[in-house]
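What follows is a single chain, given as structure tokens, in the form predicted alone.
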Amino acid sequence: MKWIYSTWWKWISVVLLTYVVACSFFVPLGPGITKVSPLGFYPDSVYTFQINTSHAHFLSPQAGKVQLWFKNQNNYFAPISFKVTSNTTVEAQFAVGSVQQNNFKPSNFDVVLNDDLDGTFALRDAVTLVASATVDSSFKALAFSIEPEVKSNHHKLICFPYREILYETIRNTFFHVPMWFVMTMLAFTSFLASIRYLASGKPEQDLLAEQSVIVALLFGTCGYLTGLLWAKYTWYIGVSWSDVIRKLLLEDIKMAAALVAMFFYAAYLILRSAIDDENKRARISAVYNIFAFVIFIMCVFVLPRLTDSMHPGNGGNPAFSKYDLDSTLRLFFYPAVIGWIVLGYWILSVLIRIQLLSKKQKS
């Protein structure tokens, strides 16, 4: 175990986590639509919509031409008139004739904005067309489907993506998600150490397996707590903490299964403390640890994909990497994963050194 005395790899954790933590709080969110007023409109009347955005740059010379569309299903409709009123607000007039109201089912319209600097961003189901019982064929301000022409759909900014529901909490991506990466790596390390102990009988492998589980549970607990906080302020705003925990355990299979996996590893530590004979304890716990790792993989990676879950990439939800990571997030997410993993092994090396020194003093 000479690797635990090396220091160069520990500096990697310090540099990466300093970079991630500092930048995660200073990089702003990207442009997004915060409010559209009014929320509904009737056919055969021209409505003026006020669109408020955040972190947009409509008046910047680099923004170029600012464009707006009302989108229904896969069809884009241009407003009757459109003007930029400030850096973050625009005003648009739009109308639908009652003769064509049956063409819009569902009757919700997305509001889509584009400029050369901010790229394309939208608010889903921003306004709703309320159907009229009568038809006025004389109304001429009808909406016509067009083909949008834009230079680029991607923004030219250093910013985190503006995701509905998440908003500023998207920064938790660099803390919550890597915790489970670290736990998985340490659980795998413990799994390999247990196999090696059964093959060689070397006590240091049993020590590595035990301490890896301890650190894995530490990061698993951190991952679970940051997940509870994230769920509280995104999925369950205004819900009491007791109801949040109950809902997560009953409604989100990934949270429930992860808790079960952590209980199995906690039982591993309890099992070790219940056996006095060192050799017997090492053999029994090694066998148990191998099965615990298989259960961990089933709980965290297999079961959540077999049923519904609010987590991305599970139960029919889009995969995390495909929809939720953009080029800016990747600049910080991957270093965060590496930095936290290295920190996990750093903590593991400290615990192993403590145990080795303790045994040396006793002998």
Partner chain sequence: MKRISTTTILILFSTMLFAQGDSGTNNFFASNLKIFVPVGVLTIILLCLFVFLFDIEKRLKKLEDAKN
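Just so it is clear, the structure is predicted and the values come from calculations on it, not from any experiment. Numbering follows the first chain given and starts at 1.
A second form of this protein, the form predicted in complex with the partner chain, is not displayed here; the remarks below concern that form.
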Classify residue 167 as contacting or not contacting the partner chain in the predicted complex by the rule of any non-hydrogen atom within 4.5 angstroms, answering yes or no.
-> yes
Answer with yes or no whether residue 237 is in contact with the partner chain in the predicted complex, where contact means some heavy atom within 4.5 Å.
-> yes
May I ask you to check whether residue 358 falls inside a 4.5 Å heavy atom distance of the partner chain in the predicted complex?
-> yes
Report whether the minimum heavy atom distance between residue 181 and the partner chain in the predicted complex is within 4.5 Å.
-> no
Find the only residue in 242, 138, 134, 279 having a heavy atom within 4.5 Å of the partner chain in the predicted complex.
-> 242
Contact assignment for the partner chain in the predicted complex, among 122, 260, 192, 214, heavy atom within 4.5 Å = 214
Options 197-205, 226-234, 88-96, 126-134; stretch whose heavy atom lies within 4.5 Å of the partner chain in the predicted complex = 226-234
Considering only 268-288, what residues come within 4.5 Å of the partner chain in the predicted complex, judged by heavy atoms?
-> 269
